[in-house]
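Single chain ahead, written as C-alpha cells, the form predicted alone.
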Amino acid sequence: MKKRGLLICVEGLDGCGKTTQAKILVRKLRRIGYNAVYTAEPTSGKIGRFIKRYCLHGGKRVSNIVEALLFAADRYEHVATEIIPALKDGKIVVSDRYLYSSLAYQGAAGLNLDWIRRINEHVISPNLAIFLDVEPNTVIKRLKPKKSVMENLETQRKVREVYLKFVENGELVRVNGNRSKREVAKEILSTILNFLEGG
C-alpha cells in the first residue's frame, strides 16, 4: 500500500549513534510495510565529498561562513536529487543529519541562526525531527582517534546547547540516547508511528 511521503531527520552530536539508529529505523519501517529510505548529510555528491575532505578532515576548521554556505549548497542538491523524488514516490525519507545540524554546529561556532535559516530557506522542512541526546563526555569517549575538526568536547557541548533550545521550542523531539541501542530504537520507532497515526 502506498503511503504519503514524509521527511524525518535524525540529529545529534558526533558519535551519539544517530547513523545506527537512522538505519535501524528504516529497517523497522520497511518490515511493517512502509517504503522507507536512508540518506545522509554531508551527501556522497560532489559538494558533500568536498565538505568531508576539506572542511571536516582538513586539519583545521574553515571559516564558519564558508562552512555554512557549503553545507547549504550540499543540502539544496540533496533535496533536489534525492529527497523530493523519494517523497513524490510516497517514500519515508530518513535523513541522518539535515538543517538542524547546520543550525547547531555553525550556530555554536558563532553564526547568527536567522542568517543560517535564510541561506537554507528554500529547502523543505522535515515533517519530524528527532534529537538523539547523548552527553558530550560520552560521545568524545566513543569517537575514533581520527576525529573531524568538530569532534572535541568544547564544540560538542556548545552544539548540544543549541540543539536543546530547539527541543525547548518544539522543533526537535528529544530521545534519550544514554540507553541501550534496543531501547533507543524502540522509542524512536514509537515516536514515528505515533506521528504517522496522528497525521
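Numbers follow the displayed sequence, beginning with 1. The model shown is predicted, which means the values in this text are computed figures rather than measured ones.
From this point on, the text means the form predicted together with thymidine-5'-phosphate, which you will not see here.
Enquirer: Counting only heavy atoms and a 4.5 Å cut-off, does thymidine-5'-phosphate in the predicted bound form sit next to every one of E41, L56 and R97?
Expert: Yes: each residue has a heavy atom within 4.5 Å of the partner.
Enquirer: Contact with thymidine-5'-phosphate in the predicted bound form for M150, defined as at least one heavy atom pair within 4.5 Å: yes or no?
Expert: Taking the distances in the predicted bound form, the answer for M150 is yes, it comes within 4.5 Å of thymidine-5'-phosphate.
Enquirer: Of the listed stretches (133-141, 169-177, 41-49, 28-36), which one has a non-hydrogen atom within 4.5 Å of thymidine-5'-phosphate in the predicted bound form?
Expert: It is the stretch 41-49.
Enquirer: For the stretch 6-26, return the residues whose heavy atoms include at least one within 4.5 Å of thymidine-5'-phosphate in the predicted bound form, in the order they occur.
Expert: In sequence order, D14, K18 come within 4.5 Å of the partner.
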